[in-house]
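Single chain ahead, written as structure tokens, the form predicted alone.
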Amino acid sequence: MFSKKTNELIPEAAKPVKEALVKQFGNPFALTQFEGLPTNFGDIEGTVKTVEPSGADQPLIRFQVTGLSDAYDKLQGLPLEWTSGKGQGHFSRIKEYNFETGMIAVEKSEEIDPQPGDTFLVECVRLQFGRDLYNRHCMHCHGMSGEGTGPTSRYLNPPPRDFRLGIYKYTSTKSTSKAQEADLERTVKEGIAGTYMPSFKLLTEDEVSAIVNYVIWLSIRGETEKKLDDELFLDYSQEVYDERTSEEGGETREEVLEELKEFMELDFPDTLEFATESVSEAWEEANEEAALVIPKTPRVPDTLESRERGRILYLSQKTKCASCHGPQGRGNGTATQDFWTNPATNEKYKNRGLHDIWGNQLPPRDLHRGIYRGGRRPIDTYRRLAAGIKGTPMPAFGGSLSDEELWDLVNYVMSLPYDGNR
């Protein structure tokens, strides 16, 4: 439910991080609506029709409702906000829901006394729909919290994506932008060629959209958690705490905890607000047209001359494509023989060759195989060249090459699967 890094904080630092995440996001078992997120939570309105008599020893209040007949049929666990009556402004959590009879049960409390005609909102209906689809189709690889460690993940190569970093490789957006919803929907519908990510074309457009809505919610939750962890980890991880309170460190437990208490009271609320807002804004901006990679000129005709110009560029020091993909595009460039440094830990990887941001060894693509994980259209290859591939060493050439040069490279790269002499 929480990241490894959160669990490596001292308990006094981990607790407020976990509490903040539960308050703003809930968890995959009990979703919570937080207005600041670019998420389609999917509220629906209902009205109390009748209330069942309940004895003092019964823990639940049951009432029949109207207005939910067209809603999703699984509402258990969702928050219900009372919008009129005695309970107005209070929340209940739905414990039971019978779609056939329209009967809801919530926990008893002093504030809740539903009467016929009282109105309410059931929150997170759309998000719960996406969550249930995700659990059915995606969770076994990508994990309950989108951490990429579902039950079958250990058997897959490349490993399933960890959504919690909010980084997706194959997008139509600029190198610094998040993925658009349309990018993720295309991945769900088409799958990713050459990987275990299958196509879900049998799902309806609405189902695909609901899954993507939920995946983005998982990403925002994970990114917010990471930002909070990064803020605390250098001072309050268990390892740092042990060093600080050791004989060499010279600090007492009381001194460290007093410092932490002051940070939590004065700075943590602003840190949490900034983390959530910055992540949410990035996802919102990705869906704007300005985030898209759009060629300034139409594709250069795919001629022998264009391919030759592309080949020269491919072999040049200007692009250094051959250093990774090899002089003949076989994925065996000199970079595959070096030991590279992990930028996150500043330590050398154990294995030779390139790695992605998730720490996985990443052989450069053999361009002769004609497997295009980001799509087979020329515009897809153009976008891989112009904006790079996020989370990988594949750089963006959009600022250093002209549009014509990018199209020449596209023509050359896409010709390689059909050129047996190279």
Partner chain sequence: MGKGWCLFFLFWPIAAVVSCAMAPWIGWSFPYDNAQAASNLGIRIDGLFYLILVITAIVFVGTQAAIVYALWRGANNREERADCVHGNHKLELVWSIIPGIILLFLAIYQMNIWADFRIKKYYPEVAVKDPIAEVTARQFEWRFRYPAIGKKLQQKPQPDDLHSVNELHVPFGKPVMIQLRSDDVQHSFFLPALRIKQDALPGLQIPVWFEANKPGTYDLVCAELCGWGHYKMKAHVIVQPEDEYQNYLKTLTEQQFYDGLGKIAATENDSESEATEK
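Bear in mind that the values here come from a model prediction, so they are computed numbers and not experimental data. Numbering follows the first chain given and starts at 1.
Keep in mind that the form predicted in complex with its partner chain is missing from the display, and what follows is about it.
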item	value
Proximity of residue 304 to its partner chain in the model of the complex, heavy atoms at 4.5 Å	no
Interface membership of residue 274, its partner chain in the model of the complex, 4.5 Å heavy atom rule	no
Heavy atom of residue 383 within 4.5 Å of its partner chain in the model of the complex	yes
Distance check, residue 261 to its partner chain in the model of the complex, heavy atom within 4.5 Å	no
Proximity to its partner chain in the model of the complex, single hit among 102, 331, 269, 191 (heavy atom within 4.5 Å)	191
Contacting member of 205, 347, 254, 242, with respect to its partner chain in the model of the complex [4.5 Å, heavy atom]	205
One stretch from 76 to 84, 105 to 113, 214 to 222, 172 to 180 that, in the model of the complex, holds residues within 4.5 Å of its partner chain by heavy atom	172 to 180
Its partner chain in the model of the complex reached by all of 40, 209 and 376, non-hydrogen atom within 4.5 Å	yes
Sequence-ordered residues of 229 to 250 touching its partner chain in the model of the complex, heavy atom within 4.5 Å	none
